[in-house]
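Coming up is one lone chain in structure tokens, specifically the form predicted on its own.
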């Protein structure tokens, strides 16, 4: 029973990180109709900026802010310099560009900071909370991660459901021609979508780093499970990203704890196949065509 409780808690905290990355994927999909396969590498680069500042005695919160700003800049430059010139071309072109960005950013991170594993300091204790005479697999840092992910989800919901800015971003993504006729600055909305999505990914990178360690491709595995989580929940749904992330966290934790870590990826794939067999659009996706 103690093992089951610990695996459940690990699943929640791990799933929260997957959910944070998945929400970035949801944001960029809703804002630009693009899947950003380079999101993990972008998050890692921003996280390296944060840890560099922490090494120079900058506070954790200022370093987190610097990571977010770095993500905003990377997202803006990516849209302006790489994605905008290939707009209205073959739909595969953005995917190829994103994969290229993944390779380049991981290489640049290795060139600047080296390829060795390094720890990322946390502003909260990573030691499990003591209950009675034993400790459980839940720390103050884990609680901080879960609260941060909930805040991100609420912020996404508010942005897309109850703000005019979110409506403009959706309109620019779904029907840019009509949006332009209605006075929407489509280019600006797409740039903002990329900037916010990579900024959110940077937060996820900082949240993940204390548990997965930091190295140039440390987010690759996280990005795979997060993408799976986003697909499971429905690529349009922030709530789906949270539920899908937690679901993947449970799968990875239980499979790794009871069957071995080598089967974690297979377990995630099986869950994905089962869900998509019955609901291909994802659990929380609208079954009818959506209107802007």
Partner chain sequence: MNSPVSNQDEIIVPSMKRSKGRPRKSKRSAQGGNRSSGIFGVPAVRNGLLAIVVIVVGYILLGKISPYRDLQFSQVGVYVIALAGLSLLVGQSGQITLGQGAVMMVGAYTTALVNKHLNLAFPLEILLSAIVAGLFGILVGIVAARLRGPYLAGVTLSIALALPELASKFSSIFGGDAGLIVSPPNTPAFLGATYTQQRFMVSIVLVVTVLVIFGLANLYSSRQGRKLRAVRDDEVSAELNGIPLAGTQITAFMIASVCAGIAGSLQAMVAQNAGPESFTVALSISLLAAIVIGGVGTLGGAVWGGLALVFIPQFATDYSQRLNLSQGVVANLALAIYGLLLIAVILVFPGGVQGGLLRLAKYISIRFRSRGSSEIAGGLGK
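Definition used throughout: the rigid core is the maximal C-alpha set that superposes within 1.5 Å between two forms. In this text the structure is predicted, and so the values were computed from the model without any measurement. Numbering follows the first chain given and starts at 1.
Heads up, the form predicted together with the partner chain isn't pictured, but that's what we're talking about next.
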- request: With the partner chain left out here, work out from 97-105, 201-209, 122-130, 143-151 which stretch has heavy atoms within 4.5 Å of it in the predicted complex.
  value: 97-105
- request: Could you tell me which one of 239, 263, 58, 65 places a heavy atom within 4.5 Å of the partner chain in the predicted complex?
  value: 263
- prompt: Might residue 11 be said to contact the partner chain in the predicted complex, defining contact as any heavy atom within 4.5 Å?
  reply: no
query: Heavy atoms within 4.5 Å of the partner chain in the predicted complex: does residue 90 have any?
result: yes
- prompt: Is there a heavy atom of residue 234 lying 4.5 Å or less from a heavy atom of the partner chain in the predicted complex?
  reply: yes
- prompt: Should residue 136 be counted as a contact of the partner chain in the predicted complex, where contact means heavy atoms within 4.5 Å?
  reply: no
message: I have 37, 227 and 277 flagged as a candidate spot, so tell me whether each of them has a non-hydrogen atom within 4.5 Å of the partner chain in the predicted complex.
response: yes
- request: Determine the residues of 76-90 with a heavy atom within 4.5 Å of the partner chain in the predicted complex and present them in sequence order; the list may be empty.
  value: 81, 82, 85, 86, 90
Core fit, then residue 70 C-alpha moves 2 Å or more between the shown form and the other one: no
query: Rigid core fitted, is the C-alpha displacement of residue 237 between the shown form and the other one 2 Å or more?
result: yes
